[in-house]
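First, one chain by itself: the form predicted alone, in structure tokens.
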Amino acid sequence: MPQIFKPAANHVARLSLVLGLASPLILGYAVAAISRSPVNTKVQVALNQPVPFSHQHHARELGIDCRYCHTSVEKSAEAGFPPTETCMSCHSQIWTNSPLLEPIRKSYETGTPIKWNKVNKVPEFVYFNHSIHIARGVNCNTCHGPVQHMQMTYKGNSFQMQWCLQCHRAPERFLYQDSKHPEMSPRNQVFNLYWKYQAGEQLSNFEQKLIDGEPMGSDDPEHLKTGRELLAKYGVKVQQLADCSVCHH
């Protein structure tokens, strides 16, 4: 009886078996890669806004404090968007005829709020409180990236659960204290960093990483020691931070 399959068919059969066994792993890896890519997370993807607002110009070049626009960041869950009146406190005097600011002027005249496109948000089933993090000295850039360098605002981090748990399981890696002002409250320390940067003061390695929006967390023994002292000082209960009910009420 003549041979039906050529010897090369053996290699094809073996390869098909290997691919069949590996395909679930390949598919799982591909799905995980896509879910963590900017295609899904929108990290570093700037959104179009009704008005092209530049954090770099306002926060870095002009030195406007974050709290001037985000008035509720220290006392509520939401940081808040600035009302049109806040914008007009300056722009009723400067850039009064700029075409770019026409939506602001129209909003002020008609009393209709500007509808900003929200860049940073968590799913509806997740609870996040800005004020708690600010009160413990967690800097804005830890979550939002190098905001003071953004011409157009984009999402600095993925806000996926795995990313959040990196801090919740080891918060001592993310907390720090200004060695020059150890008496400063953690809340004031958060915003003082931007003033130091604006004034050209010398920053520590950790502070420089915050400003640059680099992947955060420090494993330096001295930093970790200070971080653990701050956890005790602020009454942070690490064991509870990783509990599901902290974010999923």
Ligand code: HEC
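Numbering starts at 1 and runs along the sequence shown. This one's a predicted model, so the numbers in the text were calculated from it and none came from an experiment.
One more form of this protein exists, namely the form predicted in complex with heme C; it is left out here, but the text below deals with it.
- Segments offered: 178 to 186, 63 to 71, 218 to 226, 196 to 204. Contacting heme C in the model of the complex at heavy atom distances within 4.5 Å is 63 to 71.
- Contact annotation for Glu78: at least one heavy atom lies within 4.5 Å of heme C in the model of the complex.
- Among heavy atoms of Val51, some come within 4.5 Å of heme C in the model of the complex.
- Although the partner is absent here, Thr112 sits far enough away that none of its heavy atoms falls within 4.5 Å of heme C in the model of the complex.
- Among residues of the shown chain, Tyr108 is not one whose heavy atoms approach heme C to within 4.5 Å in the model of the complex.
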